[in-house]
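Here's a solo chain for you in C-alpha cells, the form predicted on its own.
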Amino acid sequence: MRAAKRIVVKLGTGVLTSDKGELDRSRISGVCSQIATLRKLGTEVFVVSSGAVGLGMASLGLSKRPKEISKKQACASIGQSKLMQVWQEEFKHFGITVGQVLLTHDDLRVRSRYLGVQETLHQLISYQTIPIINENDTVSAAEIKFGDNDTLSAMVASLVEADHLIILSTAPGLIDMKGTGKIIPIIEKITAEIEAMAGGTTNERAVGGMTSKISAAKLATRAGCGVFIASGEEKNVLPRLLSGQGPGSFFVPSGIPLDAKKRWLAYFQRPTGTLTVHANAVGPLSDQGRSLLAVGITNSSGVFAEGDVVNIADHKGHVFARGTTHYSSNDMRLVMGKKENELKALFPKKKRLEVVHRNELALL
C-alpha cells in the first residue's frame, strides 16, 4: 500500500455508539489500530469525532435529540469528556497521545484565528499526536455553528491540505436509489443528479445524513482533496480504502485546487452582503481574472463593513464568487455604477478604488 501523506478521518455518531447511545469500545479500538498502522507507514492522521451530544443524551436518559440549543449544549458538555477519555484510553494501547481540539465556525472564519488553528494542528502532528477534533457544541450558537461534523471535516481537510478525507458512518457509500440500487464506486463530478441521490438522517442522536456528506465532498474536492464515503462497520476499512480495494464511494478531486487564501475566502465565510454585477462583468471576473470595479455593480444588499467578505452574484442572482470588499454597504450606495475618476472625487484618500481586488476574489 502506498501511504498517503496526510488524511482526515471523520467518524459519525452511528459508528461510534450503539443503539443505546453507549460508546462501542471494540469499534473505536479497531479504528485506533488501523490509524496506528497508517502512522507507521508515514501517514499523518487527523480525526474528526462526533458522538459528544449522543453520549450526553444517553447519560441523561434522553431518547431524542433536544431542539433547544441550551439542552444540546448541556448534552455536549456531559458527553465530550466521556468521548475524549475513551479516545485517550484506546490510543494509549498503541503508545499514541491524543490532543483535543474544539472549534466553532468563527475560529475558521476569522483569518487570524484560522491561521492560529492551522498552526496548532500542525504543531500537534509534529509532536506525533493525533488531533481529535469536534465542534465546540457547548458554546456554539446558530450563527457560529458548522451545522454538522461532515462540514467541519471538509473544512479541516482543506485547512491542513489533506490528500484524502475519509467519512465513515453507517452509510456504505452513495447509493443510486433511482437506478441500479447499488453503491456508486467513483464520482468524478458532483452534479445535480448526484446531489439528488442524497438524503438526511433518521438517527435521533445524529445530524446530517448523505446530504451533508455530499456538501462536504463538494468543498473538499474543490480544495484538491479526494473524498471517501464508506461504512465504519467494515473491518480494516481505512487501509483498504487507501489501497484502492475498499468498499464505498470515492469522489475525485476537481481540477486545480484553489490556493489557501482563496479557499478561505470561498468556503470558510458566511457573507452578510451580496453585490450583483452586470451581465457584461461576469466574463471578465470568471474567465479573465479581473478585479470587481464599481462600474460593473448594479445592486448591493445586506449590511457589511469595509474589509468584510461578500457574495458576488450575476444578474440572475446566481452567486459565483466571494471576495473582500473595500467599501461598506453604506458606501456602496454612492459607489455603484461609478467610473474611476468619479470614485477619486468621492474618496480622494482611498488607496484602492476597486471594490474587490482580484487577489481577494475567489470563484465558487
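From a predicted model like this one, the values you see are computed outputs, not experimental measurements. Each residue number is its position in the shown sequence, starting from 1.
Here the subject shifts to the form predicted together with a small molecule, a form of this protein not shown in this document.
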Report the stretch among 26-34, 43-51, 300-308, 313-321 that approaches the small molecule in the predicted bound form to within 4.5 Å, counting heavy atoms only. 43-51
Give a yes or no on whether every one of N134, D137 and N149 sits within 4.5 angstroms of the small molecule in the predicted bound form by heavy atom. yes
Heavy atom of T17 within 4.5 Å of the small molecule in the predicted bound form: no
